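There is one chain below, alone, in structure tokens, taken in the form predicted alone.
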Amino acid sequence: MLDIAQLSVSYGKIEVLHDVSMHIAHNECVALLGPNNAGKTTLLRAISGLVPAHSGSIRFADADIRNQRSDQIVAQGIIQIPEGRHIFAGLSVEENLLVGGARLKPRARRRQLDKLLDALPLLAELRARRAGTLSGGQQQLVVICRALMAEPRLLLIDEPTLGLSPVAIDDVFTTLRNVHGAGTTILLSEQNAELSLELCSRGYVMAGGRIVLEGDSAQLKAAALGEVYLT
């Protein structure tokens, strides 16, 4: 589904991604691991068209999407959940979700909303609440469901557990497990390697803007990830 080859990205004169290559098959859940400033967010932003790549290729469903506009990429089915939640605090939970389905026709948007609220009874109970009054974990569930409103083919998720309590982290990963089980392909950028590798079948480890390790979850669990994170 996604094939990235020798991708390099710079901010001004500073190159932050160096010849990154990776692939994701249909219906896979793939972990993107690494310490802060490893280049994980930049890679997701490049896939989403939010930062330009100066060399390499990004192919999605056999189409070259490198440096396409972000709205064109969204239209092809790639949806990103950014780090930091970014909810519309003054809108209700339901209004936040409807924003995520803005590209759908009204009837399809309402069907998708009903489907997601049926799957997450907690959000159904909170649908009239202002999103800004929710806990961090509840807000993260709203953000995940807002992305699902767009019916993504590939979901890019950036640090979904940042700043959350252990209970909220469990809720988020349970939701992501259900999302993947329903057939959505996921690329998950997350510092919690243990939980990520329980959810995903395989992964890549980044450090210094490069892919330094890759393999299935069992291989990565056995690798010296601590050395990478501390480098």
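Since the structure is predicted, the reported quantities are computational estimates derived from the model, not experimental observations. Throughout, we count residues from 1 along the sequence that is shown.
Missing here is the form predicted together with a small molecule; even so, the following discussion is about that form.
Colleague: Exactly one of 212, 223, 16, 22 has a non-hydrogen atom within 4.5 Å of the small molecule in the predicted bound form; which residue is it?
Modeller: By the 4.5 Å heavy-atom cutoff, the listed residue in contact is 16.
Colleague: Which residue among 174, 67, 27, 36 has a heavy atom within 4.5 angstroms of the small molecule in the predicted bound form?
Modeller: Residue within 4.5 Å of the partner: 36.
Colleague: Only one of 174-182, 41-49, 195-203, 54-62 has heavy atoms within 4.5 Å of the small molecule in the predicted bound form; I'd like to know which.
Modeller: Going through the listed ranges, the match is 41-49.
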